[in-house]
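Take a look at this single chain, the form predicted alone, given in structure tokens.
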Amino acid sequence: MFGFHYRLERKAIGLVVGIILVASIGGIVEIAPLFTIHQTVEDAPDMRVYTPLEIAGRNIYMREGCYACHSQMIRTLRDEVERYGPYSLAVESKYDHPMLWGSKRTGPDLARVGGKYSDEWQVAHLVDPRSVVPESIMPAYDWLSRNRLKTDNLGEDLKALRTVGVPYSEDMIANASSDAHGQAAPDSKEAESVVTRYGKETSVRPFDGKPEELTEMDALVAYLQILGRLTDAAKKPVATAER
């Protein structure tokens, strides 16, 4: 074996051909599954898109680098499933651009944090992490409660996501700004329209506890509260989820 390798090293063309052959094998292994992606990704008829407010929250989540310390992918290991819940399915990230699976956990995985804690807990945790988790090393994000959320460009965000396959309608794009305000103000005239466009399962409430003003805290909490809840595919029997 080593003798063949030594002889191959003396022939430039042969070595180049060998390198190309070996690299091609790795490339095929990575690329081939993409040709059957529609057969390997689970079906989720109940899958819904992120609302404009949740998209705004996701943007803030990325802006503040939350993904660097929190992953959003539960592996099929027993200890992870017991701690975090059902392991993550590919379809649950269907509308995530970019993916935020992560590879480091300074803090816990957030794939199924939606609904695990109340809005009040989430706000308190972001304002002063150690007030609810004494051992936390997370920095405080209290200014999010003071920063008014900019919604003027949300329509452009939805339009950009539509170009990569997220099924936002023209109506959703045109009303993105008003829908963001309506989702955080249940008594407003825009609130009913949000439910009409995004479904009856859409959460409409003042996420930061202050319905009179739309803040970045509203958006981030709205995003955290929807994680793991865009579809119920992971809660179904394996045979059904993997059709």
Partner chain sequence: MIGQLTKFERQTAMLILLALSGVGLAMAIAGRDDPFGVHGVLVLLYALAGIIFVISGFFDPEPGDDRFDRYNDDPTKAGIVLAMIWAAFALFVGDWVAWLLVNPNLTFDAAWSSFGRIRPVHTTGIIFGFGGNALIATSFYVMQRTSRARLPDQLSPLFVIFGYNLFCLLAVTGYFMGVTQSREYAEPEWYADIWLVVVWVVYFLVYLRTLARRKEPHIYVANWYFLAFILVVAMLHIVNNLAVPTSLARVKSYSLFSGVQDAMTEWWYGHNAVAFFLTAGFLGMMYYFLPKRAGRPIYSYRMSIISFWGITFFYMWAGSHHLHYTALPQWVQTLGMTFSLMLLIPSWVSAGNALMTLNGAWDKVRDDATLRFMMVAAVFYGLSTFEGSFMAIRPVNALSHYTDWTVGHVHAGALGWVAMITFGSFYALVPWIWKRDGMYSWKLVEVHFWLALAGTVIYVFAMWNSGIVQGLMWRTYNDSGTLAYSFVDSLVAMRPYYIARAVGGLSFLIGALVGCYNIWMTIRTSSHAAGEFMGDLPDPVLARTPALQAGE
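Numbering follows the first chain given and starts at 1. Throughout, rigid core stands for the largest set of C-alpha atoms superposing within 1.5 Å between the two forms. Computed from a prediction, not measured in an experiment: that's the story for all the values here.
Separately, the form predicted in complex with its partner chain exists; it is not shown, and the next lines address it.
- Heavy atoms of every residue among S71, R78 and M138 are located within 4.5 Å of its partner chain in the predicted bound form.
- Taking the partner from elsewhere, P98 is found to have a heavy atom lying within 4.5 Å of its partner chain in the predicted bound form.
- Taking non-hydrogen atoms only, R105 approaches its partner chain to within 4.5 angstroms in the predicted bound form.
- Although the partner is absent here, K189 sits far enough away that none of its heavy atoms falls within 4.5 Å of its partner chain in the predicted bound form.
- In the predicted bound form, E201 stays away from its partner chain, with no heavy atom inside 4.5 Å.
- Residues N153, E156, D157, A160, L161, T163, V164 are the ones in 152-187 with at least one heavy atom within 4.5 Å of its partner chain in the predicted bound form, listed in sequence order.
- Comparing the forms between the shown form and the other one, the C-alpha position of G27 differs by 2 angstroms or more, with the core used for superposition.
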